[in-house]
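Quick heads-up: it's one chain on its own, the form predicted on its own, in structure tokens.
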């Protein structure tokens, strides 16, 4: 060991410089290789998560959504689908403002236990333990990652390849819940919807029933607005509508309340659930005008179902 020792100050300085440089170079090499190493490790973990999700999907989900996530006709909708993965498809139909990944995660975790009148024969069950389901949080993440792993292949599908099955309980008509419609220009989509609405005009009473307006509004009994009611009384709407807003006729007031329900809110109902804001999209102009006239008609016909 005594041969490694030197009394020369210059030699000591040189050795110090050399060892410092070696340390700096080693540190730089570690730093340069760390990001690729971390990325590779992340990809490895994501791959394992997707593999775990594939097993969970095969054991719990494939019987309804199909082994490759493309759905089973009449049983459950496809997830490995262009319409499902594009922002103007399924997310727009349900009015979801977050990311698709969050939508998938919540759908798996919470399920659809209250949707008993669904068009699908099986109700989407609750899977997350926090909501009473059988799966841990990490398993929900694995399933979510597995479904999201289809994005690239799904967005490469042609209209003929997309297996998406339309939903009956959204505002977009079933005949337009497909990739072919999404690939049309905005002008072509608007024209197609206008033509559809012209062919499928509903009567005011049909709209009243199908949109469940009766759940919040009373047409038959005159009563004073009071806290606890879901929505304003319409039995005497023809008497009150014309005086609700200055310089607005009864027809203008009711029309605006349908297409823009937040424009004029009766004070008693400020704290209860608001009307849906998409009636201007769901109803044609002719349907809205007919509904306004019907609501303001004191002699309108009302069935017992209302």
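Positions refer to the first chain, counted from 1. C-alpha atoms forming the largest set that superposes within 1.5 Å between two forms make up the rigid core. Source: prediction; values computed, not measured.
There is another form of the same protein, the form predicted in complex with heme C (HEC); it is not shown, and what comes next is about it.
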Is residue 211 a contact residue for heme C (HEC) in the predicted complex, using a 4.5 Å heavy atom cut-off?
-> yes
Do residue 124 and heme C (HEC) come within 4.5 Å of each other in the predicted complex, heavy atoms counted?
-> yes
Please check if residue 265 has a heavy atom lying within 4.5 Å of any heavy atom of heme C (HEC) in the predicted complex.
-> yes
For residue 176, is any heavy atom within 4.5 Å of heme C (HEC) in the predicted complex, or not?
-> no
Just one stretch in 154-162, 97-105, 177-185, 192-200 has heavy atoms within 4.5 Å of heme C (HEC) in the predicted complex, so which one is it?
-> 97-105
Go through 110, 235, 170, 76 and name the one with a heavy atom inside 4.5 Å of heme C (HEC) in the predicted complex.
-> 76
Residues from 55-82 in contact with heme C (HEC) (non-hydrogen atom within 4.5 Å) in the predicted complex | 57, 60, 61, 63, 64, 65, 75, 76, 77, 79
Indicate whether residue 236 shows a C-alpha shift of 2 Å or more between the shown form and the other one, with the rigid core used for the fit.
-> yes
If we fit on the core, is the Cα of residue 207 displaced 2 Å or more between the shown form and the other one?
-> yes
